[in-house]
Each structure stands twice: as C-alpha cells, then as structure tokens.
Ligand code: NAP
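This document opens with one chain alone, in structure tokens, the form predicted on its own.
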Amino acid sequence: MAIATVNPATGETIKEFTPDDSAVVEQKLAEAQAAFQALKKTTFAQRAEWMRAAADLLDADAEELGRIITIEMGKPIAQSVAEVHKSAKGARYYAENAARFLADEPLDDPSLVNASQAYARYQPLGVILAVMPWNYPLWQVLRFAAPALMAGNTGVLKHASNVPQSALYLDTLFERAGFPTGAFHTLLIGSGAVDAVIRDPRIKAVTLTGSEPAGRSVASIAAREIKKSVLELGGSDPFIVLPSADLEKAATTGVAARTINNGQSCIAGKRFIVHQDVYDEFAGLFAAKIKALTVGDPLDASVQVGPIATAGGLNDLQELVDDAVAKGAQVLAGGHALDRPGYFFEPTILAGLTDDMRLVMEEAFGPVASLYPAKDDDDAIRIANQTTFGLSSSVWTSDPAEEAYFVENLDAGAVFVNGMTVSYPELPFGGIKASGFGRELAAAGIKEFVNLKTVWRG
C-alpha cells in the first residue's frame, strides 16, 4: 500500500510520500537509542514539563490538525478536533501522575524476606516500537507515547500508510516540546518492513493496535525475539438492552455508539442484543434514529457520518452486508454503499441473523449494526460471548441484580452500564480473547513497558 493521503470523501490522492529507506530507518533508530540514554537520566519533573508543553502544542494546533485528520481518514470535523484535545488531556494526565504510578513500592515488613529493606522499582526498558492504525491517528498514538516517554522510554512509530501527515506531525511534536532529539520518531515504512524493526536489538518491546491478523504477526515475531508485546485488536462489542432500560436513551446512545468515527471504532457497540419483551419497541426507535442521520462531507459541521476511510474497507463492509442479506437477513435501514464519489456507506441495521452469516462472528468496521432478540438474561450472555472477541461491552438496565449478573458474566475487558464504551486516560483499556492482551491507559498502561526490579538489602 502506498504511503499517501487519499481523501476518502472524494477518492482523490492529495499527496504521496516516499518511504524511509534503510539508511533513514537506521538513523532514526540510532537517534532513538541515543535519546534513551539521555532521557532515562532525567527526572519525572523534567519530563512532565516537556509533556505539558506537548499538550499545549496539541491544543494550539487542534483546528489545523483536526482538518488534516478529517481529510486523511474521513471522520466528521468536530470529532477530529475533539480527538486532538483528548490527546492533549491524555498527555497532561501522565505528566501529573507518572511519578506516583512509578514510585518505589516498599515491602511493609522486610523481615518476612530476611531483609532490613526491600522494595520494587520501576525502570524504563529503552526504545519501544508502536504500530498504530488510522482510525484514531492522534489518540491511539498519544495513549502509548505519553506513558512511554514519561516512564523514560523512547519511541518509534510505524503509523498506518493512509495517515502520513498525522504521522509526520507526531514525528516532531515531542522534540518541539523539549524532549531530546530522537525521543519519538515516525518511520515512514510499509508493513513489510516492520519485521526487521522488531528484530532490531535496540527495540525492546512493541505495541500494536490493529487487526487480528496484524496482531498475530507482530506478536509472533516479538515472541521469537523474546520481546514484550501489547495488543489491542478488533472487537464486536455487545450492546445489551433489557426490559428495565430507558429505551429512548438506549436507542439514542446506541446510534452514537454505532456511528461514531463513521462506525470505525474497535470499541463501538456493534451487536445489539435486545430482550424479546422490548425488542420491537427498541428496533423501531433505533431504526428511526439511524435513518435520520446526515451523511456527507465530513468537513461540513452539520454532517454526522462521513465516509469509510479506504476503498478496501468499503468493499469489505459491503461484502459482509451482502453475505447476510443473501442468506436471509432483514434490512431495517440502509444496506448499500452510496452512489457518489468517495467511500460512503449508508448507516445500516440488519436483523434476522443466523449463524451461517459472516456478520455474526466477524467485525463490521463501518456504520452497520446487527440486531439480535434474546429470550432472557442467559440467552443474552450466550449471544454476547459467542464471538472470538472480548474488547468491551455495554448493558442497559435499572435492575441492580441484572447489572451484577452481566458485569460478572460478560467476557470482555470492560463493561459500561447505561452508557457507551469510551476510553478515558483514568481507566485501564484493553481486551481478552482475540481482542488482544495487555492494557493501555491509567496506571496499568504506564507499567507495561518498564522493568519491575526487586531490590533487597540485608
């Protein structure tokens, strides 16, 4: 895949970029290694000052950078600008909390280990490789980069090939903020060059957000090199609606959950599992709200849903829908790509799904919702847990006993009650099963790429 900005609203190639050759990659890795030797000797206070400066730059650049994001991957402009500000918030969160998260942890009673003192110390590992996707081109990177740099690591980024301008902004952001030259670099390389970078001895660990096949590839290479990896992969999150729920609020939030980021979010509600007692009412509300959405140019502030990011993604989505419809699925809304320039797909709801349809088990990465009736709570759990994914989930109920049941029994990295899944700097983020392993954000995120060193004194 060429490294290029292709506007998904028009299909027009805006700008192409020459990939970094082996000499440039070597220079950037050498600079990252040298920067690590300097950065690991700095204090948390110094790094926090630089990280706050990076946050200030993000806020100052939000309007311009938001426009770049929208042109590169198609999300509505207000969402792009909000993503930049969210990234700034994440940077400030780690600037304020990294020292506390990584403080020495003394053993309360060192005599238990025949010592006068014993404690655990967190130390940085070195250069960390991040392989990141296009759907949140700033936030996905910042939620790795902020904790990694605050811990004293340095980073190199292999970003998705369709968001090169976003990637190049990140290449200079941290140096502009005061971090040593090379503390964070973007590698303009294709996916075929990632293997060699992981194997480079200067790379100490790798984190990937992306597809399940990409995760399997990166994790297997890292494992062979005995290097730590963190994976945040796909999701097909259940959105469960029970009879005690506020159906109006659930339907409104369900539409937002399924269409935010043009439906291209791993943690978006995708499978809507509704108790049979309220199925018809919810389906009517949900379909009416989906049909009322405005689809169009994402630079237009009135537009709610923009294009799919790539032509390939549009084709994949249409194939999933066509497969379900050919096997008997009912189309409650949408169902087709729009006949216009760009990669637009109608917000869609499919019902009457059966196990032979690909959509039941595969992730729909676009504004396509699947609707399932559930006989009771046990049936809802069965449907929710039947896929290989386990990223997040949402359950709608006003019954405390029901809430406790679903919190306990959903196979997912998170459960959101009466709300849609959202990533917050303050909460751990990640999944189980084929949705990956490890955690980002909160204290858990900054502790993924450090050496937990035990210190014992007799």
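Quick caveat, the model's predicted, so the values are computed rather than measured. Each residue number is its position in the shown sequence, starting from 1.
As for the form predicted together with the ligand, it is not shown, yet the points below apply to it.
Undergrad: Determine which one of 274-282, 106-114, 338-346, 207-215 lies within 4.5 Å of the ligand in the predicted bound form, judging by heavy atom distances; exactly one does.
TA: Stretch with heavy atoms near the partner: 207-215.
Undergrad: Should His159 be classed as touching the ligand in the predicted bound form when contacts are defined as heavy atoms within 4.5 Å?
TA: Yes, His159 lies within 4.5 Å of the ligand in the predicted bound form.
Undergrad: Would you check, heavy atoms only and a 4.5 Å threshold, whether Phe365 touches the ligand in the predicted bound form?
TA: Flag for Phe365 set to yes.
Undergrad: Hey, in the predicted bound form, is Val455 touching the ligand, heavy atoms inside 4.5 Å?
TA: Outside the cut-off, so no.
Undergrad: How about Leu233 - does it come within 4.5 Å of the ligand in the predicted bound form, if we only consider non-hydrogen atoms?
TA: Heavy-atom contact with the ligand at 4.5 Å: present for Leu233.
Undergrad: Does the trio Asn7, Phe17 and Lys75 actually contact the ligand in the predicted bound form, every residue with a heavy atom within 4.5 Å?
TA: Result no, not one residue of the spot touches the ligand.
Undergrad: Taking 4.5 Å between heavy atoms as the contact cutoff, choose which of Gly155, Pro133, Gly334, Pro124 touches the ligand in the predicted bound form.
TA: Of Gly155, Pro133, Gly334, Pro124, the residue with a heavy atom within 4.5 Å of the ligand in the predicted bound form is Pro133.
Undergrad: Only one of Thr253, Gln79, Gln165, Ser191 gets a heavy atom within 4.5 Å of the ligand in the predicted bound form. Which one?
TA: Selected residue: Ser191.
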